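First comes one chain, alone, set out as structure tokens in the form predicted on its own.
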């Protein structure tokens, strides 16, 4: 037992170093790496990945895990959870043939850059061969990982959110379809009450960056352990509580995009930074799941960032850095919350956002089952988009190529966005019982809110499962009706809907 623990700690240290390096390379690839480096980078990453594969599946490491697993009751609670998760991960990793794993990692080193080029050129056919390889890999992965417990697409869904499969997601989305979708269609048909249309204004990138820096201060971003950068598709990378990086994009004709991308990604960053630092050298640091992470970013972006109180803080910032525009608090509040059927998921208002996720969920299920082939993706995307949103898709740039996730090998991830939004509403409801959230925002920073989330969610890192954290933070199991009620109440008040 003692020797097994010593071996485990030795491998843990090595693996952490590899994972940290992989995070830094991934961040570099998406931000400042020169275009000409990626062919060679793919070769180098294949070599590194081979070493990593050997470490993760080595006999010595596996034996140590087996011994610890057999003596699980002798371990502390955090290590028990960690060993169970790692044993399962090793078993899954060993089912992947080495040659397939190496081809996969080499493909991931270049796929996002190929996607970005195809997207910007509005050229699906140039990315189709890569996309076909990605889908082919995941279909084979489902065959390798099939068990009595999980089969088909459920394997990927459950890997992204423990204990959630198509059964749970179908129930969740059916709830939204029944209770929320009719309300969405009613609201989007109503005229926006705002008198000023801020979409007609352009704001320089330099001015937008100044505004986002001020937002970092409002949200208490730790600049000692966190940085920001630019990328095509905003994301956050974190490794321990000591190195957290978020990215943003800037469009002169859409200043709201950079503002709420910043708030969203800073939500992710806050989660990473507020985990218990004692977990940094373990495999239990960082967010506990995809949906839990998304609950934090959506909580800050929508429930805090699009609140009247946050807009009240935002107006003086905009007046300072963009003085040439007349800023009206009421009109800006309506503008940043305006619900409309639109093409881009990341720019979608919070009311129509779940529809974007339902669309992707349907398409992922069809691709993984073989019902939908990659060559037909643009056509089927457009047909389903018309069905959900009632508008025609003009091109693949705002259609099936808009998101980086499939290029980044993430299948089964999209549903966690909607689930995370629903988690956030339940957390908001629980937080309201302890603190005055509106007053907390009007204080000028989100510190009091950050502190509540740290105590009830963040400090656990990934040492507990999402269902356990939900129960600890709210005293209840997950209930999607908090999300439905939150949206209906908010937009009924905005649009004076009384029935």
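Residue numbers count along the first chain shown, from 1. This structure is a prediction, so every number in the text was calculated from the model and none was measured.
The form predicted together with another copy of the chain exists for this protein as well; it is not shown, and the discussion that follows is about that form.
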Discussion item. Another copy of the chain is absent from this chain, but in the model of the complex, do 323, 429 and 440 each have a non-hydrogen atom within 4.5 Å of it?
Written reply: no
Discussion item. At 4.5 Å between heavy atoms, only one of the stretches 101-109, 145-153, 222-230, 327-335 reaches another copy of the chain in the model of the complex; which one is it?
Written reply: 222-230
Worksheet item: At the 4.5 Å heavy atom threshold, is residue 281 in contact with another copy of the chain in the model of the complex?
Response: yes
Worksheet item: Can you check whether residue 361 is within 4.5 Å of another copy of the chain in the model of the complex, heavy atom basis?
Response: no
Worksheet item: Can you check whether residue 70 is within 4.5 Å of another copy of the chain in the model of the complex, heavy atom basis?
Response: no
Worksheet item: Do residue 47 and another copy of the chain share at least one heavy atom pair within 4.5 Å in the model of the complex?
Response: yes
Item to complete: Just give me the residues of 1-21, first to last, that have a heavy atom within 4.5 Å of another copy of the chain in the model of the complex.
Response: 13, 14, 16, 17, 18, 20, 21
